[in-house]
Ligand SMILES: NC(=O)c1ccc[n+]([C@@H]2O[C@H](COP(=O)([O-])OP(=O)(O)OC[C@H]3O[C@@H](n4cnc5c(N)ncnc54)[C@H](OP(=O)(O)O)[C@@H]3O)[C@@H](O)[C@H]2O)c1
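We begin with a single chain expressed as C-alpha cells, specifically the form predicted alone.
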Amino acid sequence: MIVLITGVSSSPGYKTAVSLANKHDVIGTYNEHPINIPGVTTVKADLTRDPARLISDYKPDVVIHMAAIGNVDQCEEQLELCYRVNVLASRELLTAAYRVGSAIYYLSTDYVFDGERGMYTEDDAPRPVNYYGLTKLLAEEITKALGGSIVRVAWIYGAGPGRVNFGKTVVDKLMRGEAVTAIMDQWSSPTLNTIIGEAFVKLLEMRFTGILHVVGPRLSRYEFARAIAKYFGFNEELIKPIKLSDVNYRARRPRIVA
C-alpha cells in the first residue's frame, strides 16, 4: 500500500513515517527542512504550489495530511499565510486525493475547542478561540466533506525533528540546572509523538473512519513539567508555577481542553 504523509520533518510526521516504513511504501513530504528517514522516500514539496501534483505523481492509497503552520502566535500575526497553508493547500491536496480514491486522514488539534469547560469528546462541537484553531477547524470540515477521517492530538512532545516542543525544552533546561516556568492553570493532554505514529499503524490496519482523539493523560503545564523532572531524576523544585495571564501570548489559548 502506498501511503503519502505530508510534513515528515515535523515531530508527529517523522514518528508516523518511521512507524509505517516497514509495513507500507511510504512517501514523505517536507518543505524547508530536508530529512532522511530509512525506508521512506522523502520529497521536497511546497504545498501552496500545486499540491495536487503530489497525488497525480504517486497515486497513494492513503494520504495522511500533517503539514501545517503550527505556531499559534505566527498564525495570529500572518493570517493570510496561515490560511493559505492550513486551509487552501489542504483543500487542494485532499480534493485531489478524494478524486483518485485515496483514504484521507487529517491531523488536527485540541485547539479547535474553546477551553471553557474541558473534557471534550469527539462528539462535542468545536469553537476555536484563535486563528490557528479556526484554520484547523476549516480543514477538518473539508476533510469531512470529502469523506476523510480526523485525528486530534494535543501538546505534542518527544524526541526527534520538528519545532521545539515544551517537553524537550523542559529537559534541556533541567539538564543545564536552569529553572523552568510552567503554567499551572491551563490543562490539556500532552501526547508523545511516538504514540501518534503507533496510532496511525492501527488506524490503517482497521481502516478507521470518523473522528478520534489520540492523546495522553490530563495535566497542566506545571504538572507535566514536574512529571518530566521526576521521570528523568531532575530537581523538581526547579519547576516554577506561573499563571496563564502572566504570559504575553499573541493569540488567546484555550484554558481547559482535557
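It should be emphasised that the depicted structure is a prediction, and the values quoted were computed from it without experimental measurement. For every residue, the number given is its place in the sequence shown, counted from 1.
Below, we refer to the form predicted in complex with the named molecule, which is not included among the displayed structures.
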item	value
Contact residue in the model of the complex, from 186, 130, 108, 143 (heavy atom within 4.5 Å of the named molecule)	108
Single option in 134, 104, 156, 182 placed near the named molecule in the model of the complex, where near means a heavy atom within 4.5 Å	156
Candidate stretches 172-180, 159-167, 95-103, 117-125, one within 4.5 Å of the named molecule in the model of the complex by heavy atom	159-167
Non-hydrogen atom contact residue 33 with the named molecule in the model of the complex at 4.5 angstroms	yes
Contact of residue 66 with the named molecule in the model of the complex (heavy atom, 4.5 Å)	yes
Residue 16: touches the named molecule in the model of the complex, heavy atom cutoff 4.5 angstroms	no
Interface membership of residue 85, the named molecule in the model of the complex, 4.5 Å heavy atom rule	yes
Sequence-ordered list of residues in 5-31 near the named molecule in the model of the complex, where near means a heavy atom within 4.5 Å	7, 8, 9, 10, 11, 12, 30, 31
